[in-house]
Ligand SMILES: O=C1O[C@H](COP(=O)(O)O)[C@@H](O)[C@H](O)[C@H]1O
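Only one chain is given next, in structure tokens, and it is the form predicted alone.
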């Protein structure tokens, strides 16, 4: 059920993760149809972790057959600097749980260059995004000049981190770069690349998908009156002009 709604901020709470997944699939499919008609492409940014599991209903009927997968262009909000088929790879997680089960053209799936160093991989990914802006696949925010993805699908860690933007880390304050690299991630593996908050917040639609009691504290801090010693990265997810929708199961929302 929707527990809070404003023009640009919706909080949906579900009795189970299963119900959350059903709703997330409809939300994503509806946006896919809208943008495919509107601009002939649908740019989707994924994260790792439990998010991929929560997308499982998209690879089932009716959506697996009704969505025009040829319009999808898939990106990652962050990636570990490991080989593409390494167990720590967000690409591999998405491939196994989602991409291998839907007919998105392989040329529309933008994994990082796993042959490069963290710094070079970040520069390369930013160049890739700029190229797709030039080709009118990715839109641009008129107000900020940052890339404007159609849908940003975010998970959240138990510490309140999103993407590879961790509590207290200097990268949460990055204002200019589109893609940044990190070599000393507080969570292994240490080397990663990540979109920055200006890119995340320029998105047309952001879904924050959070399930499980282990994440109840940062949800309470972000949406209730809970307190933490630091501003949590999840609290910095605030779209400039787009719409933010929280998808919470009852366990994640248990302290609200």
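Keep in mind that this is a model prediction, so the values were computed, not measured. Residue numbers count along the first chain shown, from 1.
Form predicted together with this ligand: not shown, discussed below.
- At a distance threshold of 4.5 angstroms between non-hydrogen atoms, residue 47 is in contact with this ligand in the predicted bound form.
- Interface residue remark: residue 187 is counted as part of the site for this ligand in the predicted bound form, having a heavy atom within 4.5 Å.
- At a distance threshold of 4.5 angstroms between non-hydrogen atoms, residue 150 is out of contact with this ligand in the predicted bound form.
- By the criterion of a heavy atom within 4.5 Å, residue 105 is excluded from the residues contacting this ligand in the predicted bound form.
- With this ligand left out of view, the stretch that reaches within 4.5 Å of it through heavy atoms in the predicted bound form is, among 95-103, 108-116, 134-142, 154-162, 154-162.
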